[in-house]
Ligand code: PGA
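Below you will find one chain, with nothing else, as structure tokens; this is the form predicted alone, and questions on how it binds or moves follow later.
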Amino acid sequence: MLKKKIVIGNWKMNPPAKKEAESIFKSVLKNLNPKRKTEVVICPPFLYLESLKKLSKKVSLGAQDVFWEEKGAYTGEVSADMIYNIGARYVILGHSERRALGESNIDVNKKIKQSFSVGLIPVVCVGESVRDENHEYLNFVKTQVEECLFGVSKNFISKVIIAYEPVWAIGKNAVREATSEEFREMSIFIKKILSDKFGAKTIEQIRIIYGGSVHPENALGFLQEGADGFLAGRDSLDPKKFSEIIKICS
């Protein structure tokens, strides 16, 4: 069975007002091909989820993070149940920006398990900060994958989406853009890790997407090298560019 491509928009801490969020969302909807074969997910800030859910069911919604406990005295945190009950079905976990604030693989692991317990699909981000000549970055990503997915049941693993996001290729401090060949190398490597851990047949439907400064100009190259979709950041806030990425994926 062919895996359905997926394009996920991570709005991060944008935009500043609900009205603008709704405007961007409506523009994305307007540009969508109703016959598209690509799944589209928008991950806005928490407080916009409810209002965007009311606008359309054509696009799935996701959260940008979740807490690992079900409930309790955890000031400022948001539970998986809250996210699911408000209408989101996906959640981004282990993003490099969260890891930069101190989030560990163990934290991500607990969040993955809690997400599955309520029916959320985790989009698990992995990726190295530097590409060293000794290829130690491979061990770094291997540790991320193994520790983040430790103890996850085989019954759930096929639903996980892995987003490879090389930190060195993201944002204003990017060293350079990653190449599609580099993604292909990492995709094969990640599949090998998952296959060794869960079995080749179990991981057949796992989608590995690219998430390092994707835009309309480089999207096709990554798809040709086996990407199952994208986790878009900056360009997901530009309805025209985001829609173009979706079209290329379709």
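In this text, residue numbers run from 1 along the sequence as written. Here the structure is a predicted model, which means the values were calculated and not measured.
Separately, the form predicted in complex with ligand PGA exists; it is not shown, and the next lines address it.
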Stretch in contact in the predicted complex with ligand PGA, which is absent here, among 192 to 200, 47 to 55, 209 to 217, 63 to 71 (heavy atoms within 4.5 Å): 209 to 217
Exercise: G87 in contact with ligand PGA in the predicted complex, heavy atom 4.5 Å: no
4.5 Å heavy atom contact, A169 to ligand PGA in the predicted complex: yes
Exercise: R234 in contact with ligand PGA in the predicted complex, heavy atom 4.5 Å: yes
Residue contact check: D81 to ligand PGA in the predicted complex, 4.5 Å heavy atom: no
Complete contact of K12, E97 and E165 with ligand PGA in the predicted complex (any heavy atom, 4.5 Å): yes
Interface residues of 68 to 86 toward ligand PGA, as seen in the predicted complex [heavy atoms, 4.5 Å]: none
